[in-house]
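Before any questions on binding or motion, here is one chain by itself as structure tokens, the form predicted alone.
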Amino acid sequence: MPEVMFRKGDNDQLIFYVAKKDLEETVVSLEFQQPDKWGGEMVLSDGQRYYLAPLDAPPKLPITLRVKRAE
């Protein structure tokens, strides 16, 4: 389970960054983006899929969270 830093990029895009792999991609799809639920399955711009256990509210960015690869 990698630790991922999420931040806002240009044009308010959500950026996914894993330092150990030097991987930086844009999140193109996030399962939950409501005020009371944020996270779930996400798809990156390169097609990779990850899962973040849903949070009770959108986090203040930047933030580092643990995710796992979605199957």
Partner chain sequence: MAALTREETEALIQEVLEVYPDKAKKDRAKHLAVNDPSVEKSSKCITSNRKSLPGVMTIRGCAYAGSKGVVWGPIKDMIHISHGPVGCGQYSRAGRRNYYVGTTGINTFGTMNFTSDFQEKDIVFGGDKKLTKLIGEIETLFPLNKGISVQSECPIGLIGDDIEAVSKKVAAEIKKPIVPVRCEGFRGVSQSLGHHIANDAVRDWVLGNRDGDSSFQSTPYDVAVIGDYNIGGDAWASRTLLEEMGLRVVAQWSGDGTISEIELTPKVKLNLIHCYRSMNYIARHMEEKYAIPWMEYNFFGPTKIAESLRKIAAHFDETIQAGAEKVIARYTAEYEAVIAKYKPRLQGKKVMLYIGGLRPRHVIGAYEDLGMEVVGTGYEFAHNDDYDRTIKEMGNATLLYDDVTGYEFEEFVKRMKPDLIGSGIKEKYIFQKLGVPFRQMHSWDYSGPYHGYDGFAIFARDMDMTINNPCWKQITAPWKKAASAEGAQRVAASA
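All values derive from a computational prediction rather than experimental measurement. Positions refer to the first chain, counted from 1.
Same protein, other form: the form predicted in complex with the partner chain, not shown, and the subject of what follows.
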item	value
Any non-hydrogen atom of residue 7 within 4.5 angstroms of the partner chain in the model of the complex	yes
Close approach of residue 63 to the partner chain in the model of the complex, 4.5 Å, heavy atom	yes
Proximity of residue 57 to the partner chain in the model of the complex, heavy atoms at 4.5 Å	no
Residue 22: touches the partner chain in the model of the complex, heavy atom cutoff 4.5 angstroms	yes
